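For reference, the chain that follows is the form predicted alone, supplied as structure tokens.
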């Protein structure tokens, strides 16, 4: 038996920890592991390389697997693959991995959708592992990369707050989260931000500008002695950070100048993706990888590992915190999560609404 593993979609700190767990556990059970380079594109191009080697007494992981397990990014690489979106592309990919007995797919929504299609259309035996810093995958309480991204955002906002207090400034800081505002919401609470702007709230540009102008004016006026205002914005709010700041400046620029205050914009961008994984992402990634490999060896397919699921219906595994959900169910719940109909999303938005008055104090 030989198992293949790939990482796909946006990189997330902890992906390498999941790969390491798959390789180490497989080697301990005498199962060779092959890495697929550059995601689904690598399946089409047959870019395979061994991650285990024969040694006296059995198999051992290649040294690079251990080293990269503590690093961010992806040791196997990732890439967009438009041909894989077509039935012909998936058929070719399935043909290229016919010699393997199982596949572990580590990635986000699109990657898991591709895995589901491979399993349904061509009977490929596979297990998915959720990896997305945006925390936008259904049926799981976290995904690989979420905790590392939040720690990076918190650290950056702490530094921005230092310079903001030195100059009596307001900062609008944009963080990642194209269709999910989770990073913005969670980081706003952790950094004691004054406001959080996220797509799920459904505010218009004019509402955002008016609310921000009032917030900044109130924060810097009177006897509050406030020296810093921090506003977090998810990238899913389509109004650019710089445009928001410019429009607020147009509204209250003279007032800010009279108060000795100012407002700036900062976009963290891909900084949020990088860096070594935190303890939590190494642990979650490792436990996901171990359960994925164990499940494959037990004959499971077309399923995803999920951490302490917020929804019922999962299948228990050897890890009491990890359950298995069918990929079809995961993709359905993911869509509900992103269109706002999931109770999970609704609970997040309601919680932030309750916090709005507290954050602005």
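Since the model is a prediction, treat every value here as computed from it, not as a measurement. Numbering follows the first chain given and starts at 1.
Keep in mind that the form predicted together with a small molecule is missing from the display, and what follows is about it.
Taken together, the three residues 134, 270 and 273 all come within 4.5 Å of the small molecule in the predicted complex, as judged by their closest heavy atom. Of the residues given (200, 194, 147, 235), 235 alone sits with a heavy atom within 4.5 Å of the small molecule in the predicted complex. Of the residues given (241, 229, 103, 176), 176 alone sits with a heavy atom within 4.5 Å of the small molecule in the predicted complex. Heavy atoms within 4.5 Å of the small molecule in the predicted complex map, among the stretches 88-96, 161-169, 260-268, 176-184, onto 176-184 alone. Using a 4.5 Å cutoff between non-hydrogen atoms, residue 80 counts as a contact of the small molecule in the predicted complex.
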